[in-house]
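As a starting point, one isolated chain is supplied in structure tokens, in the form predicted on its own.
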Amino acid sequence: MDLPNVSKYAFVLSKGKQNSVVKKGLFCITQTSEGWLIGIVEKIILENEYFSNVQTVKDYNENNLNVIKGMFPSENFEYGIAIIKCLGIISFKDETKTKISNIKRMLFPAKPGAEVHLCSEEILSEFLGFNNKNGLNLGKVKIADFDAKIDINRLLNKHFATLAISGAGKSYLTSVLLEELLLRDKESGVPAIVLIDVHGEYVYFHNIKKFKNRVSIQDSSYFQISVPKLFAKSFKKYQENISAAQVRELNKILTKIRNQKQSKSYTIKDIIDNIENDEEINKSTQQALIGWLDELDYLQLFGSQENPPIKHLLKTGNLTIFNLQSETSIRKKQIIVDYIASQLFYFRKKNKIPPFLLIIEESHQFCPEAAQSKAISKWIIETIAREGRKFMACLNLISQRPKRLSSTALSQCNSKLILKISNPYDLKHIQESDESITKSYTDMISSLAVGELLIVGNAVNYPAFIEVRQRICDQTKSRSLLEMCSHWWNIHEKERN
């Protein structure tokens, strides 16, 4: 065994501890010539010299086991070896060895024969970069079993992604994160939160008494984009078939309407009427513009006034949920998300709204990877991902198909909360988007249980496995398929039978 080296070292387990204390994933500490070395148990090997000879194993199996054990206690020759992956050398601020002053790479192997100890909760918490005073408590660190309190600045300020297959616990984890943010005192610092809720999974927050005054629900059925605020190029964004010549003519019409309407209150139908009555417009251009605008008007997303008023909607520490559950058209949903994100980013750059966290469920629908994709909302999401950090415009992308999510946006998410993912293409995409995710981590990601996550990136100093805590306000009750079928029959079909 070519150990120790600057990457790994091995130690022999104390008798009787190989099946109790030391486990894979446990953090250990040992003293070296450079300082205190923190490592993680990567592999455990059980050896037995008695069974190293093939003939011995053959005799052992062919003879009476109880007789052999009585004559020769083979278990006394059993011992365990733990393979430790070296994480970093730490230095302490004082002799109490409770506060870390420095973390650096290992440059010289650990000394053979040195004692190896379990890493204490205090040291490990600081080594991982947790904030025990003001951090967001997402759950317990696996194996070590202490609270994983993630530093809010490190997690939010440089964007983060939540990735997992359907049913692995993405929505549950997001609910826990929202609870942590809503439970924080506004004076201690917390951004305004905007959530794009595609399936209506989070509207229950409005019914929780302790959050009621800090949560507002905006139903997409009443969503409306203000037509007077749109320019000719804005219409082209929502209706890309409008040509450059048609944009020029539309710009003239809009200028004319604004000069006539002192109140600046008009709709798409008013624009269409003006186009029909304008004798100077080329007939083919006129008919094409009317067709494109009529198609936009059919979406029932455009009106004379903005609803809700984005600029006055956001408040520090409050949660605003845009419920898109009733929408079936992906195009309508993309237009809604594009408008919301564009307004938020514009007002934040002008410092007219507080710093915010924009959470987008099913983000692969709104910011897909495909180059040929015509997703209307893709450009603004990628823009916030690239530039939002400068203006405290934070982004959380949630997806069950990382492969279909824009690599440009995903690569800008400096932290990733990864629950179970089994699709090899998704795993490869994640690995390519973050150099800290190695092949060994992707193997472990595919075997995670529901509610277990790997957090990597800027939020922590070193990747950590966490078991998500229970929600404080769990008001949702999951039902099985059979229960739902029985409920439907009792409500809708029982009387007819």
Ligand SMILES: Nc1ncnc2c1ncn2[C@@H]1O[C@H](COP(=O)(O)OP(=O)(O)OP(=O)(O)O)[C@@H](O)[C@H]1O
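What you see is a predicted model; the values in this text were computed from it and never measured. Note that residue numbering follows the sequence shown and begins at 1.
Here the subject shifts to the form predicted in complex with the named molecule, a form of this protein not shown in this document.
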| item | value |
| --- | --- |
| Proximity of residue 429 to the named molecule in the model of the complex, heavy atoms at 4.5 Å | no |
| Contact of residue 406 with the named molecule in the model of the complex (heavy atom, 4.5 Å) | no |
| is_contact(residue 201, the named molecule) in the model of the complex, heavy atom dist at most 4.5 Å | yes |
| 4.5 angstroms heavy atom contact with the named molecule in the model of the complex for residue 468 | yes |
| All of 191, 193 and 392 with a heavy atom within 4.5 Å of the named molecule in the model of the complex | no |
| The single option of 259, 96, 213, 166 touching the named molecule in the model of the complex, heavy atom within 4.5 Å | 166 |
| Of 333, 170, 348, 416, the one that lies within 4.5 Å of the named molecule in the model of the complex (heavy atoms) | 170 |
| Candidate stretches 23 to 31, 446 to 454, 432 to 440, 37 to 45, one within 4.5 Å of the named molecule in the model of the complex by heavy atom | 446 to 454 |
